[in-house]
Structure formats: structure tokens, C-alpha cells
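The chain below stands alone and is given in C-alpha cells; this is the form predicted alone.
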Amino acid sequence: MKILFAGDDHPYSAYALKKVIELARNTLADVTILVVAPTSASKDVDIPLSPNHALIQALHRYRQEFIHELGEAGSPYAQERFSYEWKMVKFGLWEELKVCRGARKDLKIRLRAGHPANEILAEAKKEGSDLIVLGCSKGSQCLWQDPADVPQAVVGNADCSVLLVKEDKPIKRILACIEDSTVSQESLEMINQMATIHKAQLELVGLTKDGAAKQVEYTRLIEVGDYYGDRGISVKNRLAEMKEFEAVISKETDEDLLAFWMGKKSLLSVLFPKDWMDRFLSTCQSSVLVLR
């Protein structure tokens, strides 16, 4: 598994990093920690921000916290593997540096310059990430400090799953919504990991359209429930009308994680207007896991 954590220097990013650490501890994933410098930053061969810049300081804190939690001796993330690598100092001049990496698992620290959403998506594609994790403001909004719409842009355009962490509070229940989108093995396992890590009650919600519960949708709901039941995870099943979905998540997502499968042919994107992503993420009071 490959996890990309994208952060800035605000508290919601520090909360999101805690979820990354929990996932990494449980899955032994390869992790990349990314910060994006503003578009005004220089793109010279040298670092585009000063060492004292708030974003650089945040990047260092995230690395230190990850290593503190998971980098002890014997850990696959322990910094025990040394090698020599070339770094361009300026055009036509290189210097060979000694680099320390994790014993068996990679922890990459990356800095990009550009529009945050674009650079996050580009990094995820380059690394072949399975999951992007980023924080956002809590409550009735889901925003970044600058620019504000980074969470919506990442969720709406990512090829992989995305976990949006709204605030630091326990996850007691996972509300996983299933409709016509494809349910992949990787997405099933991701829910499994989240339920295991948080010891959370899993509730599967089969979304129906115009009161119709087709046999194939109901069968899928039962099959998914059996998958988790066989793995010792407590599961509840129920059906909900698609047009009432927005009302459901506005009332039932306190101390929960809302998860839903979002394929290219998802009925959610068809039934809701073009601004459905903004409305949906703002309506939901809890963290959100978009599965692909």
C-alpha cells in the first residue's frame, strides 16, 4: 500500500497526520509526506523556500512525529539503510550525498511548487498512491487555508481513494454507503483497516433510487456484509433512499467516518448538481473517505 499525506502548516494537517501514522502502523505502507510551496515560490534547482518558512518547519515536524511514533529500532521505518546519491547543486555541477532511508519501508519527504491541488494529484499519480490523506477545516465546512477549495479539487479529480480528516476525535462508527459503483477488493480492505484500527461499528447503507431495491443491489449489500462478518467485524445493514442521502449524512455523522464508493458512473454525481462535491463535503460533519 502507498499513502500520500499532503499537508500545510495548519492544525487540521497535524490531525490528519495522526491518521496516517495509525494506517502505517497497521498496514506497513510506503508513505510520502508532501508540502506544496505557493506558485510564487522560485523553481530554481535549490529549495524554493527558506529553511525558516512555516511550510518547511511544518514538513520537518511531520517527519519528526512520524519517525518518533514508528521509527524505533526494529521498525521497518527505522532510519537504518544508508546509500550515496547524487544531487544537482547547479547546472553542470553535482554533489554526492549520504542518504539514510527506512530499513524496509520508504518514508519520502517531498516539496513541490505550484497550485496545491494540482501538485498533490501529480505526486499521487507519479508515486502510484493508493490513498491520499489530507486534513481540512471541521464542522460545516471542508476548506484549506490557501486556496480554500483544495479538498474538493483533490477528491473530485483523484484516481485513487481520498481520506479527508476534519478533526481529531474518536471514530466510533463507519457509515459505508454502497450504490451502483464498483466495489474493489482494495477498497473493501481499506474499510477493514479503518474498522480494525478504530474498533468501530461498521454500518453498510445500500442506496436505492425511487424506492426500488433491486435484487442485485440487495445481494451486493449482503455479500459485502458477509465479507466483513467473516473477518470478525461487527456489521449492520440498512437501505436508504438516494434523494435523502444529503439529509442522512447531515444528521448521522457525529463521531463517525463516512465512506462511500465513487466510481465514474456513480449515481451520486448524476443525481446531484455540478456543485454536489462542495455541498456534500460541507454537509457532512465528520471525516470522509472517498473510495475508488
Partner chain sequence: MDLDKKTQILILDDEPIVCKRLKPALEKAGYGVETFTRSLEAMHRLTEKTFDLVITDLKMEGLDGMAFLTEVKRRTPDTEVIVITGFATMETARESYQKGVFDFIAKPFKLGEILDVVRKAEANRRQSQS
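Note that the structure is predicted; figures quoted are calculated from it, not measured. Positions refer to the first chain, counted from 1.
One more form of this protein, predicted in complex with the partner chain, exists but is not displayed; see below.
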property	result
One stretch from 93-101, 166-174, 186-194, 218-226 that, in the predicted complex, holds residues within 4.5 Å of the partner chain by heavy atom	186-194
Selected contact from D149, E80, D130, E203, since only one has a non-hydrogen atom within 4.5 angstroms of the partner chain in the predicted complex	D130
Selected contact from L239, L28, A58, A37, since only one has a non-hydrogen atom within 4.5 angstroms of the partner chain in the predicted complex	L28
The partner chain in the predicted complex: contacted by all of K18, L107 and A259, heavy atom 4.5 Å	no
Contact flag, K243 vs the partner chain in the predicted complex, heavy atom cut 4.5 Å	no
Any non-hydrogen atom of E85 within 4.5 angstroms of the partner chain in the predicted complex	no
Close approach of N118 to the partner chain in the predicted complex, 4.5 Å, heavy atom	no
The partner chain contact in the predicted complex: I67, any heavy atom under 4.5 Å	no
Residues in 71-97 with any heavy atom within 4.5 Å of the partner chain in the predicted complex	E72, A73, G74, S75, P76, Y77
